[in-house]
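One chain follows as structure tokens, the form predicted on its own.
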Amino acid sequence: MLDTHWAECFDLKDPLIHTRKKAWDRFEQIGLPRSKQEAFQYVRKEFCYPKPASQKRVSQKSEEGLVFVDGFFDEASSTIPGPLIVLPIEKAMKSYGLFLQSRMQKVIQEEMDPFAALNGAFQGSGAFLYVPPKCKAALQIVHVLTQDGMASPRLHIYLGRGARLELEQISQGKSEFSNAFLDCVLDQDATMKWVDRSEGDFVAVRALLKKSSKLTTVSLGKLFRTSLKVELAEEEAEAELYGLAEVGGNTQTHFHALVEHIAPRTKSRQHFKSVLKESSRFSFEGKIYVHSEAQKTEAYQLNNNMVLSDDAAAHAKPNLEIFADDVKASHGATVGGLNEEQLFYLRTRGLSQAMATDWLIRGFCQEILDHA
């Protein structure tokens, strides 16, 4: 099925055809996910790969934000404050081609997630966002889904020195298969915060951090799978990854996170939580990889799960790979239910069973929500 879709999409006149072809070749090397693969061992779902969605425009105007419609960047509906620069990728190739081509090639070559590679092959009209040095901005990314099909929005971001950017990602509507991709490069002293409140199937975030830059990601949306990969490439770079999944029914949520400490004196923190009801499923697989040159690294990873049903299941696999000898690092995971003593205390203060339960759940979640 995917081979047929790829053959139908192949167009030598497409300015991105070489990038698409490299991504497709990489996808074929990786292959579709299998249950025996470590990154997908807890995923229980048969995937349908519909035909890629066609380009369509909407009449709405965003308040200082980027609009993607069925995976295609809608320049006319987007509102970008100066001095930020936003261009469709095919136009950005003319002005920022040297950087973009080098970065996109690197990302594709190193990609290990089949869905991220699939996005590169079937991407709609993607966008490139440039935040000039010392500029401060807050933007919203709106994914509008109006038709069935495969939606593959793609956004590349570059923050100049000392730039500050806050991004909030939301979605409207539904599609058969949504597969978003975000790539960001932070120059020296740049700071970026990304809060994801979208719904859909997949989202992949790739990031490269230079000296003294900082990235914070907060995943709060209702997504099937979130894939995060962050490279701390220069000294004193810092990353904080947070995620919260409140899952019920027969739904599933999966987080896969990799933080690479490449340079000395870098810091990272991962903290993910889940609240599981009914027959829901959740998994967290996180890795901290400390290269031999990354001395004086500080890296922490934690996954907490609150399971409220005998039919729900939580799987946690935090792990460390450390090849430096001057490192502070820890990882851990917990799985449990409601604290009976706390529940009893709240009941003795006049709260109903339902209200006391709600208070405890909200308290459990608040630690992650405070970062949004």
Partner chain sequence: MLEIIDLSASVKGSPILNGLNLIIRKGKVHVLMGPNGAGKSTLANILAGHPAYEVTGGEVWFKGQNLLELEPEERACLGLFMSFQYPIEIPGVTNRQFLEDAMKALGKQGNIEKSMEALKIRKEFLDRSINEGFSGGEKKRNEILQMSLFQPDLAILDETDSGLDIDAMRIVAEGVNAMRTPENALLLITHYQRLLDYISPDYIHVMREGRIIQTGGAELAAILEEKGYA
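Positions refer to the first chain, counted from 1. This one's a predicted model, so the numbers in the text were calculated from it and none came from an experiment.
Only in words, not in the display: the form predicted in complex with its partner chain, which the text now covers.
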Honest question, do Gln172, Gly249 and Gln252 all end up within 4.5 Å of its partner chain in the predicted bound form by heavy atom distance? no
Is the gap between Pro15 and its partner chain in the predicted bound form 4.5 Å or less for some heavy atom pair? no
Taking heavy atoms only, is Phe323 within 4.5 angstroms of its partner chain in the predicted bound form? no
According to a 4.5 angstroms non-hydrogen atom cut-off, is Lys21 in contact with its partner chain in the predicted bound form? no
Please tell me whether any heavy atom belonging to Phe344 falls inside 4.5 Å of a heavy atom of its partner chain, as the geometry stands in the predicted bound form. yes
Candidate stretches 43-51, 336-344, 25-33, 307-315, one within 4.5 Å of its partner chain in the predicted bound form by heavy atom: 336-344
Neighbours of its partner chain in the predicted bound form among 322-355 [non-hydrogen atom within 4.5 angstroms]: Glu341, Gln342, Phe344, Tyr345, Leu346, Arg347, Thr348, Arg349, Gly350, Leu351, Ser352, Gln353, Met355
